[in-house]
Each structure stands twice: as C-alpha cells, then as structure tokens.
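Take a look at this single chain in structure tokens; it is the form predicted alone.
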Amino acid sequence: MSPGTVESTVAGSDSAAVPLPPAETAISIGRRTLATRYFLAPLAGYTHLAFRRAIRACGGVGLATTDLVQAAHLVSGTRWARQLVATHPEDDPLSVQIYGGMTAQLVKAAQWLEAHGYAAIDINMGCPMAKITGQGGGARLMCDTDGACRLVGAVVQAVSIPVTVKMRLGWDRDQISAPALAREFEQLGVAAITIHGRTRAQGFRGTVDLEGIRAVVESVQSIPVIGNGDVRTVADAWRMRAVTGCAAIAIGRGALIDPWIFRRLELAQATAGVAEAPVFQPSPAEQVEFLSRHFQYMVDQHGEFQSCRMYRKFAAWFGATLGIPEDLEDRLRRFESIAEFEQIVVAVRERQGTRLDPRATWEIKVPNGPVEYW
C-alpha cells in the first residue's frame, strides 16, 4: 500500500487505489460535534436499539439513526413506535428518523422528541416502499418541491434541535429533484442532508450514482452532505468521498454484512499513509461475541418470544461474514428459544471456519424496486 492511497482490505471488494479523504475526523451537524464521519444509516426493520448498541460496541460509529418511525404513531403513543425510539446511554449520538405526509403530524412528532430529550431529528424523504409513499411520505414528498419545503420549514421552526433530511436523487430519472430541494432546505435551516444515490424507481437495483450525489453536494453552500449507498469497504467509502466531495458517509447494508466496517474506517483514517499499516480483522471470538451481544440486547428490550423472531432475518446477513456454517445459519432462521440460540452459538464457536462458501454475501434479497416489504 503506497502513501496517499488505500487498497480495499475486505473480502469481495476490488483492489483499485483511491485517493485518501481529508485528514479531518470530527464533523459538526448543527450544534453537535461527531467524533467520526462514518454513520449508521437508518434501515427499516433493522436499525433498532439492539443492533445500534451492538454495532457501536464494535467501534468507529460517529452517529446512528433509528429505524423510520411514523410521526402519527409516535404522537399517539403506539407501542411499536415507542419501541423504535427507545434508546440507552450507550446509544449516543443518536438521531430519530420520522416520516409522514402530513405537516402537522411531523411537527407534533418533532416537538414530542425534543420534549423527551432527543438530540436531533431526521426527516425521511427517501424511503421507496409503497406502504410509505402511498401515505404521502418517504420519497413521495420529493414530487412536490413547494410542499416539501413547507413541511421541512415547519418542522425546523417548531424545534430548537437540529433537523436533517434523508432523501433519494428523485422519484425517477425524469424527476431528479434532490439538488433543488437541498438548496432550499439549507435556506430553511436544515442542518445536513443525507443523499442515497438512487431514485425511488430504482429501489435498490443498479449501482449508486456518485455524480448524482456530487450534484447535491455542489447545490449547497455550507451544510454537510452525507453520501449513502453501496458502501461496504474502506475503498468504497473513500471513493465516494473522493468523487462526490461529500462530508460524511452513511452506511446501512454494508454494516449488516460487516459490523466492523466503522472500526476499519476509523483505523484506516488514523493510519493513512503509514507503511505497513495494520488491517483490522475481528477474531473468531469477537465474531461469536457479536452474535451473542446482539441477541442479548434484543432480549433485554423485547423478551424471548419476540426476539427469537426478530433475530431470524439477520442470519443471512451475518452468516458468511461471521463464519457461521450453512446448516447453523439455517438454524438461526428457525430457532424458538434462548436455550436453542445458546446451543447454536456453542456449535458456531466449535465449527467456525468450516463454512464451504466463506465469501460475504452482498446480494442478499432486498427490493428490486419500490415494493412493500424488505
């Protein structure tokens, strides 16, 4: 590895050298200063409290954002909405992502969050799922620039804590509205923009459009723009920063595949340009401990019955990366009790490294387009 460049060090990535990002580490969003520029992105159904705590314990996370929460449900106090915004002293810094198509509900939800001590609010304007956009929320908001600005402006004015917005490039390739919206949102007082480099019509198909993210970066004057999409290695993150000029990176699916990606980025940044720089690789014991810690945090919040069912969807993401043999990964998709989970963990510890296909699985089933569930 030559000074001034970085090579990918994670299985499944290319080895092309990319420019180092700037040497700075801390970043300010509103009044908050964050220790690193690499954030855990919100993922519907995944970035709940247990996963955030488990990922933070691996190191390197500058900011985490909750699973998206429907504003109306938060205001009315539904059990699931309150579970989604549940937090912990270890779960900091944190932003809560809210969504909805009605300005009054978003304003009330933002005020509720501020009154209950939350430090920042993120407005979802990018979710492609039909059940979200069909209610006027998520990416649907990007179709009405004036309406989106009125909504965002009302939320900013209603609270004193930082308000950020996460959005896609636009509804489809014929309606690329993100640069114009970002420009207007900055004038309205939004503290930062996160931009996923795909349109709503793409869902998660194709590759992220780095030039599209760059257009959003160039449309604002001073607020941070956070790039998002297809980052699963150090090289991916630094390439995104080099090409787009974004101030930070938000990582979602890449963190499901590699829970230590933030620690790798932190180490790579700290040792940039150092000959024979160390490459972080979690030990087998650390990998097994991650599995156990994540499940225990689920049980702490949700109890045994619900946690067993919630944990199953993580099996495919963790399986190859954490060295879980295929038959044990299958058992993780079906286990029914804490005792059974503990038996699986013992077997994983004994048989780690015997998986027939050790490659990390990036192409795990996600929506091909704007579908209902993922």
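Start at 1 and count along the sequence shown; that's the residue number. Not measured: the values here are computed from a predicted model.
The next section is about a form of this same protein that is not shown, the form predicted in complex with a small molecule.
The small molecule is not shown here, and in the model of the complex it never comes within 4.5 Å of any heavy atom of Ser95. Interface residue remark: Gly212 is not counted as part of the site for the small molecule in the model of the complex, having no heavy atom within 4.5 Å. Taking non-hydrogen atoms only, Asn228 approaches the small molecule to within 4.5 angstroms in the model of the complex. In the model of the complex, Leu34 stays away from the small molecule, with no heavy atom inside 4.5 Å. Using a 4.5 Å cut-off to the small molecule in the model of the complex, each of Ala41, Ala250 and Arg253 places a heavy atom inside that distance.
A heavy atom within 4.5 Å of the small molecule in the model of the complex is found for one listed residue only; from Asn124, Thr244, Thr199, Thr233, this is Asn124. With the partner omitted from this view, the residue of Phe341, Tyr46, Tyr311, Phe318 that lies near the small molecule in the model of the complex is Tyr46 [heavy atom within 4.5 Å]. The chain is drawn here without the small molecule; in the model of the complex, the stretch among 61-69, 48-56, 332-340, 345-353 whose residues come within 4.5 Å of it by any heavy atom is 61-69.
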